[in-house]
Ligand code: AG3
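The data below hold one chain only, encoded as structure tokens and taken in the form predicted alone.
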Amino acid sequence: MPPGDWYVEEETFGYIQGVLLRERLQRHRSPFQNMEVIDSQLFGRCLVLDGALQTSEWDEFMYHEMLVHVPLVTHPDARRVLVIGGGDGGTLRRVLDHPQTEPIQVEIDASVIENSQKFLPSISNGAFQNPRAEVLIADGLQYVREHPGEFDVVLVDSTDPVGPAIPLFEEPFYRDVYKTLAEDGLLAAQSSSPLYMVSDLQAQVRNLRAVFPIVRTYLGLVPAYPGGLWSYTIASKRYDPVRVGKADIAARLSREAITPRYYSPDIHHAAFVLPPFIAEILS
């Protein structure tokens, strides 16, 4: 390995990736997980949880725009939006881009929010101080069970399916989400690498299909993540994301004065065009 201080991530699927560091800014052990904030040469400052890089200043918009704008444009009038996880604030920030929304964020680990605001404030960009947002430090699993029928959209911005995040990928949780959604509600969640975490993606989609009538997986680029190609999955009671017209998407973005750097009407539709080998593993 070249000289210097490197952050090296050993993935569970036999893959190693690393970035050259300028500085290690913070190490912290919360009651839930190990947290580190690093400053890298390529990606800028990054948040690492339990040895897995979660987000970076350089490419966070690629991830957060796809997790948020695709479902919020698919739903014609999403107002009550629940964000589970997402302690760095990037998801909440993009939800607030949609002026009609009244988001609630439920994050189990207060220290993620605290340290993200301290060391990576550009990612949330003031979202936690926005008066339209309500931020709760609580267990998302329990919160969903206690609020039936209250939300138009639920966004699950979680870590990978390991440790305490495992229940967020399982069928009982998705059944609880179904109940917390309105009659025309939908869920969107990150669904791991379609290259290196195939079994995780297959299990997640299978669990969602057991609950929701419409389940669509879509793709985006996140260079800091293993392999660079990442998947997301929408599970919907009524609205199909592939049926939203490009002109309608453009009009919606213009009307709400949203100017994404990654997401666009063309990207919305292209993201659902899966390479045959990925479509096959999900068939």
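In case it trips you up, residue 1 is the first one in the sequence shown, and so on. Just so we're clear, the structure is a prediction, and the values are computed from it rather than from any experiment.
From this point on, the text means the form predicted together with the named molecule, which you will not see here.
Here the marked residues 9, 52 and 55 all reach the named molecule in the predicted bound form, each with a heavy atom within 4.5 angstroms. At a distance threshold of 4.5 angstroms between non-hydrogen atoms, residue 218 is out of contact with the named molecule in the predicted bound form. Contact annotation for residue 124: none of its heavy atoms lies within 4.5 Å of the named molecule in the predicted bound form. The closest heavy atom approach of residue 176 to the named molecule in the predicted bound form falls outside 4.5 Å. Of the heavy atoms in residue 130, none are within 4.5 Å of the named molecule in the predicted bound form. The candidate stretches are 219-227, 32-40, 240-248, 253-261, and the one lying within 4.5 Å of the named molecule in the predicted bound form by heavy atoms is 219-227. Of the candidates 207, 111, 117, 158, 158 is the one whose heavy atoms come within 4.5 Å of the named molecule in the predicted bound form; the others do not.
Contacts of stretch 55-73 with the named molecule in the predicted bound form, defined by any heavy atom lying within 4.5 Å, are made by 55, 63, 64, listed in sequence order.
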